[in-house]
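In the form predicted on its own, a lone chain appears below as structure tokens.
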């Protein structure tokens, strides 16, 4: 019987997300209604109403897979399997390729399933830990080299990274690939914040495009701001990996929601409009945080990322981050995500992909003024 640890981050959100009046920690971008989404494409509304509600293909609707493949430069539509969110492909991939006793490396802190699912299989999990140099989060390639050996089966990455907002340069990405290729290691990269780089020069290729043993996960939830669709995918040029995932998917969701697949296709065919909208929200909110953390630089330290809608904030005062978050929620009804859910104490995660950040940050400042200043 598989035994897995409770998912601290998701437990925290389950308990508090929908009761808090304000939030400055969400990692998804601003959502839209079905009506707003359908307006992006002529004829989409009528076609949506005519969507057949039978079973869909296990690998995903061929049309949707073609739309997803447009995100990649080398991956073909047949090399994509559509899944429920990003959680399912993480779970399926890990069970498809790993066995008890295998050794894996995980970029940490991390979205917990990247670590806990391999642990539940019985793998030895080594952490490639974040370093802070001049207040800037970084992952040192030489540290990874010290962890890699002939026993390493998978390197789990997240780019852009949750929760720090860190993104590899193209040179760093290539160094990782060359290292993995030397040992024939699979590189699994959670790329759910991809395409939300704050400027085009920060963009890097998908690992599934850049490496023959690269596996990329994407989702409609984060950069596109459509988590209610519950549509994600796994992409890889390595067909044996994809075949194993497909077999396991027949034991989980079997196939995806037909309406969700249709709506995801509309979104992806118009993804630049959605991305431009969401990037505009991010760029409007970032100066608000910059001004806030400059004003309270004696209390908080952060590094503005160059991609994605999240960052990690260091607390410069002596307090437990879990307790601090609890008091902020109780006294001001503001949700922040404490670093303790990542096993990284003394920090909290912030988000800047939502429209109402100005008001929510103002509520957080009320708490700071009443309790810390």
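Positions refer to the first chain, counted from 1. The structure presented is a predicted model; accordingly, all values stated were derived computationally and were not measured.
There is also a form predicted in complex with a small molecule; it is not shown, and the following applies to it.
A.B. asks: With heavy atoms only and a cut-off of 4.5 Å, decide whether residue 87 touches the small molecule in the predicted bound form.
C.D. replies: Looking in the predicted bound form, residue contacts with the small molecule include residue 87, since a heavy atom lies within 4.5 Å.
A.B. asks: Is there a non-hydrogen atom of residue 27 within 4.5 angstroms of a non-hydrogen atom of the small molecule in the predicted bound form?
C.D. replies: Residue 27: yes, in contact with the small molecule in the predicted bound form.
A.B. asks: When the contact criterion is heavy atoms within 4.5 Å, does residue 221 count as touching the small molecule in the predicted bound form?
C.D. replies: Yes, contact at 4.5 Å.
A.B. asks: At the 4.5 Å heavy atom threshold, is residue 162 in contact with the small molecule in the predicted bound form?
C.D. replies: Looking in the predicted bound form, residue contacts with the small molecule include residue 162, since a heavy atom lies within 4.5 Å.
A.B. asks: Where does the small molecule sit in the predicted bound form: which of 91-99, 116-124, 154-162, 245-253, heavy atoms within 4.5 Å?
C.D. replies: That would be stretch 154-162.
A.B. asks: Only one of 168, 128, 302, 111 comes within 4.5 Å of the small molecule in the predicted bound form by heavy atoms, so just point that one out.
C.D. replies: The residue from 168, 128, 302, 111 that makes the contact is 111.
A.B. asks: Which of these residues, 192, 215, 104, 82, gets a heavy atom within 4.5 Å of the small molecule in the predicted bound form?
C.D. replies: Checked against the cut-off, the match is 192.
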